[in-house]
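So this first bit is one chain, no partners, the form predicted on its own, shown in structure tokens.
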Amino acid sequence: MFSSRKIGLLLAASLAAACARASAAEPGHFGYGSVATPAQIAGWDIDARGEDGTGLPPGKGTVDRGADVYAEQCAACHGTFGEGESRFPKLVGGVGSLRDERPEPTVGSYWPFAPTLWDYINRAMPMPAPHTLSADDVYALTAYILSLNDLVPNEFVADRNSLPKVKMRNRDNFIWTDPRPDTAAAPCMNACVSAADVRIASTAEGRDLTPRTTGPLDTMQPK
């Protein structure tokens, strides 16, 4: 059994060694780790920008191929035709519902950019095994889901050039620069309001913010 004094000496020695390595490292560095290689960076740099498709890789996929991949990889959760199973999200429908009491924000009704669909499938789907689909199959799935939403024709071929040109229904309804201030309160650095003077002006209680339900979301009805 080590005594507490011996343990303390070991910790002090470890700290001293770490400080020595840090002092020998370049300024601003801690003296451990290694510089990431281009291959390592490329493995993480997988995003595709929605508005212009920057970052989309080579490859292509057809609607017909997407139907096959969808049946195998996606239908169990999202439904045979994108209608959603159980509480998994719908991919199709909801057009014109965004101002309703129960909006349906699907790919066809809400999403602003087609490349974002490719990016999301590529990084997160299928849910049990993300990053297992080839770029071609992700393109095919994207083409198929866009086709289900009547956004592209059945002969559409998705690739890095065609996807940014797809006009999504809700694209022009997004506000890309939020005009609202970060806070309505006046900034205060000193002589601020006393905590004892703070009062709760309103709460969420009694405002019907949480629907009553005993069943799945799809059967919920407003009061």
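Predicted model, so just to flag it, every value in this text is computed and none were measured. Position 1 is the first residue in the sequence shown; the rest follow in order.
Beyond the structure shown, there is the form predicted in complex with a small molecule, which is absent from this document and is the topic of what follows.
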Interface residue in the predicted complex among Cys77, Val95, Leu151, Ala135, criterion: non-hydrogen atom within 4.5 angstroms of the small molecule: Cys77
Non-hydrogen atom contact Ile145 with the small molecule in the predicted complex at 4.5 angstroms: yes
Partner proximity in the predicted complex: Gly84 to the small molecule, non-hydrogen atom cutoff 4.5 Å: no
Exercise: Leu91 in contact with the small molecule in the predicted complex, heavy atom 4.5 Å: yes
4.5 angstroms heavy atom contact with the small molecule in the predicted complex for Trp111: yes
Triple contact flag Thr62, Val157 and Leu163 to the small molecule in the predicted complex, non-hydrogen atom at 4.5 angstroms: no
